[in-house]
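Single chain ahead, written as structure tokens, the form predicted on its own.
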Amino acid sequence: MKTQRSRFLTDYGMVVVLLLLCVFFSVVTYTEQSATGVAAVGQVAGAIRAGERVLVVGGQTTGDVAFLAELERQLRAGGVEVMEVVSGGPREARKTLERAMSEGKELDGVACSELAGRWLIFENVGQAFPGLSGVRVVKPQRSRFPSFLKADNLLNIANQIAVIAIVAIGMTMVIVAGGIDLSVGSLIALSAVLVSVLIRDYGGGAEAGTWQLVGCSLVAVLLCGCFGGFSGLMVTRFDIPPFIVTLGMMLVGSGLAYLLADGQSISAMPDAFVWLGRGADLVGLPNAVVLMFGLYGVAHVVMNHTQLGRYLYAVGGNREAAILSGIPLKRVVLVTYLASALLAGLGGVIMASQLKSGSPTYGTMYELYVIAAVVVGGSSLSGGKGRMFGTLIGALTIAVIQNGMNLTNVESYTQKVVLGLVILGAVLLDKVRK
């Protein structure tokens, strides 16, 4: 019984921790709030009857624009007469109401978004506009709900962690094989700058087509892979400690990123480039998140059902025994650094797509976040132990902690302290288990 409990905690302990963190932040962010965006449409549309004449009002935020379009569609489909749709601020709303009053138009109600519902002009329409005294204001009702569990927030967590989680796949392979890679943060920046420069100078800039974008992205990823190949060569051929090699490559990658970008941000990007980072055309999830889950599925198969995966665990567990067993140690280690660099390059392309620009400042401190995700996920820094599922849970755990602290207004300096303690706690837990 004790053995089974110990095995369960070893295999799924971080899942339990992640769930407890979600419960905790759900409790502390349980506040009174209104539905926003498209989520508020059903509530507002349900309060308006067929045949009524209404004015639809909202702000100019992305959520409000979507709210106005969907609400107008549903109201018209339900037999409601939409007199006008106002997207702007209180001034535009006031002018529209004044015009309706002066023209003597019959108006039964004003359908507001959550943002517009907080404008003072709608506190007492009858008093501000005597000719519209019978007009009722319909807006999303306030209710108590955890901010942490809102769909937009959960998608935001997944989207923000996508780059770190993808790069952590390569880092897991490196650490399982007994190495370390400190260059991934700089390679993220280098890749983002490379793809931006290539699109700007050789891909047509803001007019670049799909194939130009794909080609420039592949070139940026492959060039970053060359850095990983070089690091692996230095480690295997010349037996230089991985810490020193990747530290040097971290500086080289960062320096090249600044040189290529001339210290500036590069933003000459076409709108189509944001499809990978911001788009959500696949199963309703952000494309970057779908790609992340797909890569973890492939990595899980590689680590658990292929010869390469068995070799990685053997090399990290006992190098001498691996050599005596005939495992091509140098090739295996080289593959891990190559994979780590390629995935860092892919992470840089995704980040450039998310931000629609490339900058040498991207990826700062990401090597530490990536290593933290791997360690928190249960991988041992001494090698030979680690799972892709654990790394994904570790990345999500870090994302939940950061997001929860942001929602509860914890300052950034304190967040660094907490993250450092989480890493130390994960390493200590690994030592205790041993």
Partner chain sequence: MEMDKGRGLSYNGGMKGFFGWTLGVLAAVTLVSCGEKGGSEGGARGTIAVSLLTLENPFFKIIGDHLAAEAKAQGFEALIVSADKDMAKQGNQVKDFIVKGVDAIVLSPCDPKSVVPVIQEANAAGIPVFTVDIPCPDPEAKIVTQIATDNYGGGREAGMAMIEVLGKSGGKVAILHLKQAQSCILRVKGFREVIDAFNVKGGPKIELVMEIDGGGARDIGYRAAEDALQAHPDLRGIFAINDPSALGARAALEKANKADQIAIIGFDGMKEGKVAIKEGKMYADPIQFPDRMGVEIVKAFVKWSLGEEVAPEILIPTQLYRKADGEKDPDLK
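For clarity, a rigid core is taken as the largest C-alpha set superposing within 1.5 Å between two forms. Bear in mind that the values here come from a model prediction, so they are computed numbers and not experimental data. Positions refer to the first chain, counted from 1.
What follows is about the form predicted in complex with the partner chain, which we do not show.
For the residues 240, 83, 132, 355, the 4.5 Å heavy atom test against the partner chain in the model of the complex is passed only by 355. Between the options 212, 254, 156, 318, the residue in contact with the partner chain in the model of the complex by a heavy atom within 4.5 angstroms is 156. By the 4.5 Å heavy atom rule, the three marked residues 55, 66 and 99 all fail to count as contacting the partner chain in the model of the complex.
Look at 288-296, 333-341, 243-251, 304-312: in the model of the complex, residues with non-hydrogen atoms within 4.5 angstroms of the partner chain sit in 304-312. Although the partner is absent from this view, residue 217 stays clear of the partner chain in the model of the complex, with no non-hydrogen atom inside 4.5 angstroms. Although the partner is absent here, residue 105 lies well away from the partner chain in the model of the complex, with no heavy atom inside 4.5 Å. Using a 4.5 Å cutoff between non-hydrogen atoms, residue 87 does not count as a contact of the partner chain in the model of the complex. Not displayed here, the partner chain is approached by residue 118 to within 4.5 Å at the level of heavy atoms in the model of the complex. Using a 4.5 Å cut-off on any heavy atom, the residues of 139-166 that reach the partner chain in the model of the complex are, in sequence order, 144, 147, 150, 152, 153, 156, 159, 160. Fitting the two forms on the rigid core leaves the C-alpha of residue 58 displaced by at least 2 angstroms between the shown form and the other one.
Once both forms are fitted on their rigid core, the CA atom of residue 95 lies 2 Å or more apart between the shown form and the other one. Residue 117: CA moves 2 Å or more between the shown form and the other one after rigid-core fitting. The gap between the Cα atoms of residue 119 and residue 406 is smaller in the model of the complex, by no less than 3 Å, than in this form.
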